[in-house]
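Only one chain comes next, encoded as structure tokens, the form predicted on its own.
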């Protein structure tokens, strides 16, 4: 059993079938385990195509998992029937990457925000329903006068505010943010991130914040999980990770984000998930790779309190 308000992901794998039976399935997420505690923000960082979005969708059963468990308040979401899962969804919400595409173009803002109430609180009176919508619009930084407009009448930043407001209408205990600002103008990103941080603080909810932007992840997260080709390769408290990253990939990401920081420069592109390298998934881009790295997949090893790394050679790397 997991405590109230804790998400525990255990050995989660996701695979997608190939066009022909002669080819093995595409393994998009491989044996991933982690915990998100009450009120905590766990950052999930990695390059595009690393499987971050697939992981988020699998947690919410928006794509099927091949194996593993997703425990929410002691209940395995992956084994629930549709009725029980629907009851849990009010606690588990998601903000998508593309704000306009995530909103129904045929619905007004009032209809979009009212839909979660219709599903989870159908006994609300009409007046109470309208009051809740108006209050949420205000918290999201939108005027109540916009309630009768349609998504196409808004900017990208306004659409994302509507998407966040919709997710918050059921007062969730966990919010998954899947690259919530990557499709927005730079001038708007900080406002949206600050809105999410304020909502989390005020409501005490947990948050899984997915991004390829290290600066954003560092700003919002308590702990950070590093993802590469569907694998968890490092996880640590934020300050520990940014002060002393141990995996060569994590070091390379930080060097790319801050050119004056020492570290390996990422060479080439990640291997195709259709044909991942054997052993360590990062070995074909790693200047520290040796024969050992090709022979077996490194396991996560705790190197200090709460700091885990999956690398055969982390002890030998220069400081």
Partner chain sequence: MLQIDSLCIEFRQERARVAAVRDVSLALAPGECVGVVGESGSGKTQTFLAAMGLLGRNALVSGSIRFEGRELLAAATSELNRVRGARLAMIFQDPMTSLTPHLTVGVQMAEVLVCHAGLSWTAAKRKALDMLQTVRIADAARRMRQYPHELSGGMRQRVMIGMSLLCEPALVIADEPTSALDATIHVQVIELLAAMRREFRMAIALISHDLGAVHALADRVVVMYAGRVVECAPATAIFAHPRHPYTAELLRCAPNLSAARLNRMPSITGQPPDPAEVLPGCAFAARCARADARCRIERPLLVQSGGAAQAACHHPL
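Computed from a predicted model, the values in this text were never measured in an experiment. Residue numbers count along the first chain shown, from 1.
The following text describes the form predicted together with its partner chain, which does not appear among the structures shown.
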Review point. Within 4.5 Å of its partner chain in the predicted complex, do we find a heavy atom from each of 185, 218 and 242?
Key: yes
Review point. Which single stretch, out of 189-197, 84-92, 70-78, 115-123, brings residue heavy atoms within 4.5 Å of its partner chain in the predicted complex?
Key: 189-197
Revision key, fill the gap. The listed residue (238, 147, 129, 203) that reaches within 4.5 Å of its partner chain in the predicted complex by any heavy atom is 238
Study note, to complete from the structure: Answer key, its partner chain contact in the predicted complex at 4.5 Å (heavy atoms) among 253, 65, 36, 30: the residue is 253
Point to revise | Contact test in the predicted complex: residue 266 vs its partner chain, heavy atoms, 4.5 Å | key: yes
Practice item. Classify residue 287 as contacting or not contacting its partner chain in the predicted complex by the rule of any non-hydrogen atom within 4.5 angstroms, answering yes or no. Key: no
Exercise for review: Considering only heavy atoms, tell me if residue 155 and its partner chain come within 4.5 Å of each other in the predicted complex.
Suggested key: yes
Point to revise | Exercise: residue 214 in contact with its partner chain in the predicted complex, heavy atom 4.5 Å | key: yes
